[in-house]
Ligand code: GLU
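Presented as structure tokens, the chain that follows is alone, the form predicted alone.
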């Protein structure tokens, strides 16, 4: 690795399936590392043992691999900074907590949630920002011993120095300044003995050699607390890049009410990982290229300096656009595999390949192929309302003429259409629309000629006859 190489990480909690906001953070962190020839670390933050499960952790692995991400260090691949699950790093945390304690930078806090809530309400009522009032900050050793002997549970707080300014240069938002008098002493170890995010997250980043922490800008106010801890321990402080949060198109924070917004939901709906990547990389990051980005092009296009400050809006329509692009960029073999579950079993190769070639630009999801399987290989065609209207508007004579021309076997479909037009006096949409409606059941879709080469002549004749009958009603 060169001096300019970045070490980034993705540190999810295995308490549920991966949502799109976290998936975007993982993708951007991955690109930042790969762009510079650096390292990408996966760390599992599972200190919330009540909600963290191995099942969700395995799901995280699967979803990240599906998205096309790999990592250089992590719980499943090991690495120089193992272990990569916070549940297994208790001894490491204890070592550094003792260092803070030896420096008299921590103290036990016996305040109950109810007492803290009352203090918070009082501060808000007085127009002050809520922060810990320091109730237990100056307890004497005797008072501490007495409370412990009474069985009172104690959290551990970090003693924030007064009258100082914490400064850092955020990659996205520029220079940041925080007054320590506005922060208040914060918990670094909970009453159950587990370490809090402020402490374990910052410590792991530094000890694992992370040089860039890329995360949502809702973490911005956490950063000065973490810098204080790392400075107190004389540990390296990484750079920070706080990216805009994802919003729905209505401007509200992205949530389940906006639709299926988990990565696994999109997988189950048939989205391709390359489509999701192309959409996510453009959310809060300006790409130079408007068109399709494959893996190498995405790495080339990615630039930390083009991460935006404004809230990024997740757009279903844009995702669908990239889904269509992704399907169009599949190879013939990939497209065949992708749609295999929808295709007729035992279909001869001489029919399969022309069929796939004919429909591929009209298939956004695997299940879309099922409609064209019915059109080409089925014998019970149903016309949708628009198709029925087009058939009735054309009239029965139109389909009688069409059947007669096609029965004579014109040299090719275009020649047959010209003859039908000359015979019926129809042209443009008035010629093509009713033909498509009668032969495919819909008024839009793939080019008609390749489809008709795959439909038996007797079936074409039957469909035109049915259309004639419908137009006569």
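Numbering follows the first chain given and starts at 1. Everything quoted here is computed from the prediction, not taken from an experiment.
There is another form of this protein, the form predicted together with glutamic acid, and it is not shown here; the text below is about that form.
Original post:
Here the chain is shown alone; which of 96, 271, 158, 197 has a heavy atom within 4.5 Å of glutamic acid in the model of the complex?
Top reply: Going through each option in turn, the one that passes is 197.
Original post:
Among 215, 360, 225, 277, which has at least one heavy atom within 4.5 Å of glutamic acid in the model of the complex?
Top reply: Among 215, 360, 225, 277, a heavy atom within 4.5 Å of glutamic acid in the model of the complex occurs only for 215.
Original post:
Does glutamic acid get within 4.5 angstroms of any non-hydrogen atom of residue 388 in the model of the complex?
Top reply: Residue 388: no, not in contact with glutamic acid in the model of the complex.
**OP:** Would you please decide whether residue 12 lies within 4.5 angstroms of glutamic acid in the model of the complex, comparing each non-hydrogen atom pair?
**Re:** Output for residue 12 is yes: heavy atoms within 4.5 Å of glutamic acid.
Original post:
So in the model of the complex, does any heavy atom of residue 323 sit within 4.5 Å of glutamic acid?
Top reply: Close contact is absent here: in the model of the complex, residue 323 is far from glutamic acid, nothing within 4.5 Å, heavy atoms only.
**OP:** Report yes if any heavy atom of residue 45 sits within 4.5 Å of a heavy atom of glutamic acid in the model of the complex; otherwise report no.
**Re:** Residue 45: yes, in contact with glutamic acid in the model of the complex.
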